[in-house]
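The data below hold one chain only, encoded as structure tokens and taken in the form predicted alone.
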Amino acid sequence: MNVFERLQYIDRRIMYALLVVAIAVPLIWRINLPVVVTPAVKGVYDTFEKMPNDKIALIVVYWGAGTVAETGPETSAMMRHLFMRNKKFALLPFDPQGSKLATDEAKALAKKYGKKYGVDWVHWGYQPISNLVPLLQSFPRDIKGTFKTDAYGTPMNKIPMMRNVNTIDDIGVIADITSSGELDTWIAYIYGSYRTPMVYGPTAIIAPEGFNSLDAGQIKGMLMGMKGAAEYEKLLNAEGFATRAAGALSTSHLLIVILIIAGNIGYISSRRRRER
């Protein structure tokens, strides 16, 4: 078997081993691959930057452990941004796993930036998804009447940062971070009625569904999965897991392209040799 024939029949165990190396190296060692910030991600950043300090952001957690590799870094990057700018936010999870994961990340970031629960951030409590529409009809007019206590049973009127938060007018930005397709519901009930600025953090596979809303101005920006989170980390000058993981995506994709090219070179060369 000559070299061209060998290119067509590379042992799959070798290819898997190369793929493991291509993924592991950027995760373990820092490799400075270029990260280009897209306008959609810049839109999310600018929307939070412009949010008045007397309003809070609402971070909707609509994801679980199955997509934490993408939605987790998106959530973390937005919370980090708000802590860095001394802006307050509330978590509103619709997934029990996502509630725990997002809360743990908020606690870790709060400790890093010296922020306190109830003063700088609050957890409004897990809500079942079947309650989404009634909740969207209720909380814009009366937040404390809808969420009577936080996730730990503390009455809302006893939480310092909630004292002046009563209606949708006190919310500056809503961030929908999701692995599902409920964005249209939020736009219909919230943006359509109150024009509250919204940003979107979907998984990469459902990101195309957000472009119509982005082009229409119904959402002000969008993070597209892991890549979007890496771009956001660059804007914050706080490179983390998303930046390293995006590097692993790039090197693994590059390896696959190289293997496809090698296989085709081997096939074309072998065919030409047989035709002579």
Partner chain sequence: MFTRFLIKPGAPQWLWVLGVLGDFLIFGGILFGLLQLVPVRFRRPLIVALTFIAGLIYSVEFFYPADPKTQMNFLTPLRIKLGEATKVVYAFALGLGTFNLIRFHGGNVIRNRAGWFYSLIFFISFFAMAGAGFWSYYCPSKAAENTYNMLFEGIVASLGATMFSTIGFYIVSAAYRAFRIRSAEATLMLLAAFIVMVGQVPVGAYITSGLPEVGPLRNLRLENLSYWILSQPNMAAQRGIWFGIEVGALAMALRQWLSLERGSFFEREL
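What you see is a predicted model; the values in this text were computed from it and never measured. Positions refer to the first chain, counted from 1.
The form predicted together with the partner chain exists for this protein as well; it is not shown, and the discussion that follows is about that form.
Put simply, residue 57 is far from the partner chain in the predicted complex: not one heavy atom of it is within 4.5 Å. Proximity of residue 246 to the partner chain in the predicted complex falls within the 4.5 Å heavy atom cutoff. When the partner chain is considered in the predicted complex, residue 111 lies well away from it, no heavy atom lying within 4.5 Å.
At the 4.5 Å threshold, heavy atoms of residue 66 reach the partner chain in the predicted complex. Per the 4.5 Å heavy atom criterion, the partner chain in the predicted complex is contacted by stretch 131-139, the sole one of 158-166, 74-82, 131-139, 116-124. Looking at 206-223, the residues that come within 4.5 Å of the partner chain in the predicted complex, counting any heavy atom, are 208, 209, 211, 212, 214, 215, 216.
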